[in-house]
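Just one chain is shown here, as structure tokens, and it is the form predicted alone.
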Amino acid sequence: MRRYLLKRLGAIIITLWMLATIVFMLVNVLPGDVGRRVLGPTAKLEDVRAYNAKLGTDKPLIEQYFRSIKNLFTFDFGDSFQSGGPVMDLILPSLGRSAKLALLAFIITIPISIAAGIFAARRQDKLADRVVVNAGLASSSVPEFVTASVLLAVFAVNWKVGKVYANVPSGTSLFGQLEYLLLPAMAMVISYFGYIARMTRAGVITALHADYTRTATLKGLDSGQVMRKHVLRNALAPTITVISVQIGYLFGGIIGVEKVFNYAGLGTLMLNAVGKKDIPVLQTTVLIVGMIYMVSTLLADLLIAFLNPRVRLDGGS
């Protein structure tokens, strides 16, 4: 286990370095001058140059790159080019709002998707199975922002159900917040339902036809005991992997949903950082999303090993 965790930690560090490098290269390929973007088109040229010198964006790119990487890996995220304040003071509130929205989406998605997958697997090749599979394919093929736009137009605008703007006023109760967050959360539920449901279905079908399931049935166990003790423990391993991957995709795909509902989360902050060429904010938000993705996959691997002792997490896995 120690060797496995050290190997994964090394992979995480390398991946974060690659993410930071890619973001730095992409941002610096974009046209535009940081000082001009911040000070505006009417600012004097000498003021723009002085501001760029203050930020260090007038230095050679290779020097900017090494300074940026050093700051990130020493957890010195610096100040925002746009606001001038510490990067983390901008990111932490936005991350909290996005995490709240993502958590609500997953609380709804996971039980519904797993239940639908089990339901379809136990009725393989019947009408109910086809309905679940086709509904999953249809829902997962539509981008999140399209689903969000339809829900916004139909429910919030036409039927006056839910809120057009998802930002929750301060002091709103927990149940009061649901009125603001339910529609954007449902947009993500619809998009991610199909992946999890279809993976659950495939795992359960495989487990239902396995030798250990037939043996348990021949021993006289009822169907409920067979499902709980034998089928689900083996069938849910690929589902857990898909769920962990979807966590990373969720924080990436949340950008479109937040934009549609004007929600001030991490995705909106990331999008604004791209438009304003705010490199410190953009690099830090991308790294946070990458860390969320990698930590979720690591936890999924450990959970799979717990559910199925035959899985060994050694240094060669």
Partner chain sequence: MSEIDPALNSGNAASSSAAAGANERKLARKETWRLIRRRPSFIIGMTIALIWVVCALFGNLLAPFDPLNFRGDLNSSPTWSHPFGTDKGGRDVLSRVIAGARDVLKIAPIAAILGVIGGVILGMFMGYLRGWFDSVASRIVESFLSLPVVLLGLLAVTTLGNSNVVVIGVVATLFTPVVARTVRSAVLAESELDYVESAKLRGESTPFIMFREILPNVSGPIVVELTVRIGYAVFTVATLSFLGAGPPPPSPDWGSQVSDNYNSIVSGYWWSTFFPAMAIASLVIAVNLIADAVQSVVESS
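By rigid core we mean the largest C-alpha set that fits within 1.5 Å across both forms. Positions refer to the first chain, counted from 1. The structure presented is a predicted model; accordingly, all values stated were derived computationally and were not measured.
Only in words, not in the display: the form predicted in complex with its partner chain, which the text now covers.
Visitor: Is there a heavy atom of A50 lying 4.5 Å or less from a heavy atom of its partner chain in the predicted bound form?
Guide: It does not: once its partner chain is placed as it appears in the predicted bound form, A50 has no heavy atom within 4.5 Å of it.
Visitor: Considering only heavy atoms, tell me if R198 and its partner chain come within 4.5 Å of each other in the predicted bound form.
Guide: Close contact exists here: in the predicted bound form, R198 approaches its partner chain to within 4.5 Å, heavy atoms only.
Visitor: Is F106 one of the residues lying within 4.5 Å of its partner chain in the predicted bound form, judged by heavy atom distances?
Guide: No - in the predicted bound form, heavy atoms of F106 and its partner chain never come within 4.5 Å of each other.
Visitor: So, S149 and its partner chain: in the predicted bound form, are they within 4.5 Å at any heavy atom pair?
Guide: Close contact exists here: in the predicted bound form, S149 approaches its partner chain to within 4.5 Å, heavy atoms only.
Visitor: Identify, from the list L178, V157, V131, L92, the residue with a heavy atom within 4.5 Å of its partner chain in the predicted bound form.
Guide: None of the others qualify; the residue that does is V157.
Visitor: Indicate whether the candidate residues A185, V189 and L302 are all in contact with its partner chain in the predicted bound form, with contact defined as any heavy atom within 4.5 Å.
Guide: Contact check failed for every one of A185, V189 and L302.
Visitor: Which is the contacting stretch out of 96 to 104, 133 to 141, 114 to 122, 83 to 91, given heavy atoms within 4.5 Å of its partner chain in the predicted bound form?
Guide: Comparing against its partner chain in the predicted bound form, the contact stretch is 133 to 141.
Visitor: Any residue of 235 to 250 with a heavy atom within 4.5 Å of its partner chain in the predicted bound form counts; write them all down in order.
Guide: Stretch hits, in order: G248, Y249.
Visitor: 2 Å or more on the CA of L299 between this form and the one not shown, with the rigid core superposed, yes or no?
Guide: Where the cores coincide, L299 shows only a C-alpha shift between this form and the one not shown that is less than 2 Å.
Visitor: Rigid core aligned, does the Cα position of L55 differ by 2 Å or more between this form and the one not shown?
Guide: It does shift by 2 Å or more.
Visitor: Relative to the form shown here, do the C-alpha atoms of D278 and Y51 sit closer together or farther apart in the predicted bound form, given a change of 3 Å or more?
Guide: Closer, not farther.
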